[in-house]
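Only one chain is given next, in structure tokens, and it is the form predicted on its own.
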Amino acid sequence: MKKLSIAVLGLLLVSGVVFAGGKAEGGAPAYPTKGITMICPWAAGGGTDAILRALSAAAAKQLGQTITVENRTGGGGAIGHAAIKNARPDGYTLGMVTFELNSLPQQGLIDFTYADYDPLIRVNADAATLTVKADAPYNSVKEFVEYCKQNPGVVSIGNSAPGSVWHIGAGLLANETGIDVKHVPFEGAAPAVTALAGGHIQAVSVSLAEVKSQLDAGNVKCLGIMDTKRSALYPNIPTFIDQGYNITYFTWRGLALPKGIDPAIRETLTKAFTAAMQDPEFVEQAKKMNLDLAFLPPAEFNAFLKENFDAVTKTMKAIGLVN
């Protein structure tokens, strides 16, 4: 037994891992020693949920612990974002922050901003589309705009809650093209797309990833994408620029921690999720979901958040969402 104890100790020393009183070698916390909770502010089935589950699975392989995604929906993203901010700062609860973190404060819907988190990494950025039912009487952005002008206030565009990324995108579209439409809120893109496929609304302004399943099933069609380039998976879908409308608009998603987490734990998470972003299986899944990966490390992600907050505020004022 004594020889076995010495052998085990020797193995731990060789591997460079020695735990004593809950601390690893060098005084760093032993982490992680249990499963991790990942908060998603949006409904299951949407683009945020899909990319977060795929990334969490890849990161779990790096951390050696399970990562459970919890959907905390409501308040146009406010409930989930607040849950991330208010989580215990021990590294066992973090979450995915989205564009709405930079559009809710201006409306007085949350009393915090991006500055109340420790940003981890930016994961992806995706352009909005104009997607309609497959049998809709318009087949281009121009035809859609003309129809809306001939029928003011008739067309309903679904989005993922008031003041959300896709609401602002729809507002930008309406403002830039001079059309009068009704904006219908949903708790996430997935239910909005379902409503479109069922004929309850006439259009959605969400990402390609979020309409992909209905698009592939032939239930909807994309009239245009608000990007500078066409999608590699759907090169037949023209950009708005291709069709004579200088409109580009993107959402983004990233990971963030509540303030106050031990720097060593934060570094462990950064390394794990950075490696997960390069995991071949994850990269392939993102490609199949038509999600554009747009990695940024912590410092650069933090700078992006400030820049984006300022730009979003300017756009919201321009389309009358805030004063």
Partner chain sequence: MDFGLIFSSIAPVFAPENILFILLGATGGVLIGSIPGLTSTMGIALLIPFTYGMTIIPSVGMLLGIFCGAMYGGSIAAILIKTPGTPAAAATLLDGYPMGQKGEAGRALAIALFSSFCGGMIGALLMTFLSPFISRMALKFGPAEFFTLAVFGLSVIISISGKSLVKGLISGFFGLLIATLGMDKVSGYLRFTRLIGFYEGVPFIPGLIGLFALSEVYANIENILKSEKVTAKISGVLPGWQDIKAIARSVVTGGFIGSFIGAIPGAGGDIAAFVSYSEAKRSSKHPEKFGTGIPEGVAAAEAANNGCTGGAMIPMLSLGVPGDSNTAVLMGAFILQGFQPGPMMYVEHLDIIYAVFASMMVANFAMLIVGMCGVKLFAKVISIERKLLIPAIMVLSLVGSYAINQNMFDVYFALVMGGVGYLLQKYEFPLSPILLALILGPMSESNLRRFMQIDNGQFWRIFTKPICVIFLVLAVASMIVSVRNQRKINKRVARSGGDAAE
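Computed from a predicted structure; not experimentally measured. The term rigid core refers to the maximal set of C-alpha atoms that superpose within 1.5 Å between the two forms. Residue numbers count along the first chain shown, from 1.
We do not show the form predicted together with its partner chain, though everything after this point is about it.
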Quiz item: Which one, 141 to 149, 122 to 130, 235 to 243, 155 to 163, holds residues whose non-hydrogen atoms are within 4.5 Å of its partner chain in the predicted complex?
Solution: 155 to 163
Quiz item: Only one of 296, 289, 60, 38 has a non-hydrogen atom within 4.5 angstroms of its partner chain in the predicted complex; which is it?
Solution: 289
Exercise. Go through 248, 106, 213, 175 and name the one with a heavy atom inside 4.5 Å of its partner chain in the predicted complex.
Key: 213
Practice problem: Report whether the minimum heavy atom distance between residue 50 and its partner chain in the predicted complex is within 4.5 Å. | Solution: yes
Quiz prompt | residue 44 within 4.5 Å of its partner chain in the predicted complex, heavy atoms | solution = yes
Quiz item: Is residue 115 close to its partner chain in the predicted complex, meaning a heavy atom pair under 4.5 Å apart or at it?
Solution: no
Quiz item: Does residue 285 reach its partner chain in the predicted complex, with heavy atoms at most 4.5 Å apart?
Solution: yes
Practice problem: Could you list which residues of 171 to 185 come within 4.5 Å of its partner chain in the predicted complex, counting heavy atoms only? | Solution: 182, 183, 184, 185
Practice problem: Using a rigid core alignment, state whether the CA of residue 212 is displaced by 2 Å or more between this form and the one not shown. | Solution: yes
Self-check item: Post core alignment: residue 181 C-alpha displaced by 2 Å or more between this form and the one not shown
Solution: yes
Practice problem: Determine, after fitting the two forms on their core, whether residue 75 shows a C-alpha shift of 2 Å or more between this form and the one not shown. | Solution: no
